[in-house]
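This document opens with one chain alone, in structure tokens, the form predicted on its own.
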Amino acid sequence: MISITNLSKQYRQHTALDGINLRVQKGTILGLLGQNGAGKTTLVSILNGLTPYNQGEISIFGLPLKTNLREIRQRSSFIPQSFAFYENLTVMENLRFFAGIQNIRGKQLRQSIEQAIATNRLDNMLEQRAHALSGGQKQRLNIAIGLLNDPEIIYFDEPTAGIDPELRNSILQTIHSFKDAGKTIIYTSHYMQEIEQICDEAAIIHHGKIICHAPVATLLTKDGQQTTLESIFLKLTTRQKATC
């Protein structure tokens, strides 16, 4: 589904990504785990065609990214950490506006909006203006907008940042449910417990390098003993271990 080979990105004298190699299979929820500045957002931005890269090869849906960006974008969705909607529009107005931008029309328009509303439990707030929503409600609207094109791949960049624990669990459950619909999820976070809770695989990125990529279940039972991603992360990033 997603294939990345020897991907590098430099900003002047700073190397943001350094020889990234990564494969993500269809229907997988991959947790991209790393500290702030590790390269998570840069990688996701590149995969969405928002940031150029210096070297490497990227293939999505079996298509080279550089020459098939338009088709890949039509089949993908990027849900950023910051809210990407209009605060002065109502929930329904935002949904209709962003569906219009994507040329969703007729029967498909109705179906897409109904599905986005139901999945994110927006029924009771459709006529509320976005600025009046709580943080968790705004994030659900953010996700709903990202679902309008029925994407095959969804990228989430720190979707629960600044949200209280109860609403965080609700959003995590919603994201995890997308797997049942056959969608592939790339989920960036620095919250280890979230990765443990919803992800099939975890890739730890540190100083622009993938230093570990493995199934979450395998990592949590390393060497036959129960452990945590936090413990593995600390061992790897403090150079107590070379690889996972």
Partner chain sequence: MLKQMLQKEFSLVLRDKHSLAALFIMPFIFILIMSMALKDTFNSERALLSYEVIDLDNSLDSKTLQDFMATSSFLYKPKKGDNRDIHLSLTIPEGFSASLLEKKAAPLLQLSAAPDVKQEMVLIFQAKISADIMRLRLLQIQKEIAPFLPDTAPQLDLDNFIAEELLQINYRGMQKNEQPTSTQQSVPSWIVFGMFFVIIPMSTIFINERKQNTLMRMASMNISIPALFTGKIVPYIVINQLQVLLMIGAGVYIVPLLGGDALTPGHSILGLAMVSLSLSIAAIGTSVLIAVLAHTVEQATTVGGLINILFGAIGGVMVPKFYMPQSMQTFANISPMSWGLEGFLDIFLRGYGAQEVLRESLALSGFGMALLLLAAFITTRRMNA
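Positions refer to the first chain, counted from 1. What you are looking at is a predicted structure, and each value in this text was computed from that prediction instead of being measured.
The same protein also has a form predicted in complex with the partner chain, omitted here; what follows describes it.
Student: Within 4.5 Å of the partner chain in the model of the complex: all of T51, R70 and P80, by heavy atom?
Tutor: Each of the three qualifies.
Student: Exactly one of A161, L126, L89, A132 has a non-hydrogen atom within 4.5 Å of the partner chain in the model of the complex; which residue is it?
Tutor: Comparing distances to the partner chain in the model of the complex, the residue within 4.5 Å is L89.
Student: At 4.5 Å between heavy atoms, only one of the stretches 43-51, 171-179, 26-34, 195-203 reaches the partner chain in the model of the complex; which one is it?
Tutor: Contact-bearing stretch, as computed: 43-51.
Student: Does at least one non-hydrogen atom of R105 fall within 4.5 angstroms of the partner chain in the model of the complex?
Tutor: Although the partner chain is absent here, R105 would touch it in the model of the complex, with heavy atoms inside 4.5 Å.
Student: I'd like to know if N142 sits close to the partner chain in the model of the complex, meaning any non-hydrogen atom pair within 4.5 angstroms.
Tutor: Yes, N142 lies within 4.5 Å of the partner chain in the model of the complex.
Student: Would L167 show up as a contact with the partner chain in the model of the complex if we use heavy atoms at 4.5 Å?
Tutor: Contact check for L167: no, nothing within 4.5 Å of the partner chain in the model of the complex.
Student: Does A118 reach the partner chain in the model of the complex, with heavy atoms at most 4.5 Å apart?
Tutor: Outside the cut-off, so no.
Student: Which residues, if any, of 1-32 lie within 4.5 Å of the partner chain in the model of the complex when only heavy atoms count?
Tutor: Residues within 4.5 Å: K9, Y11.
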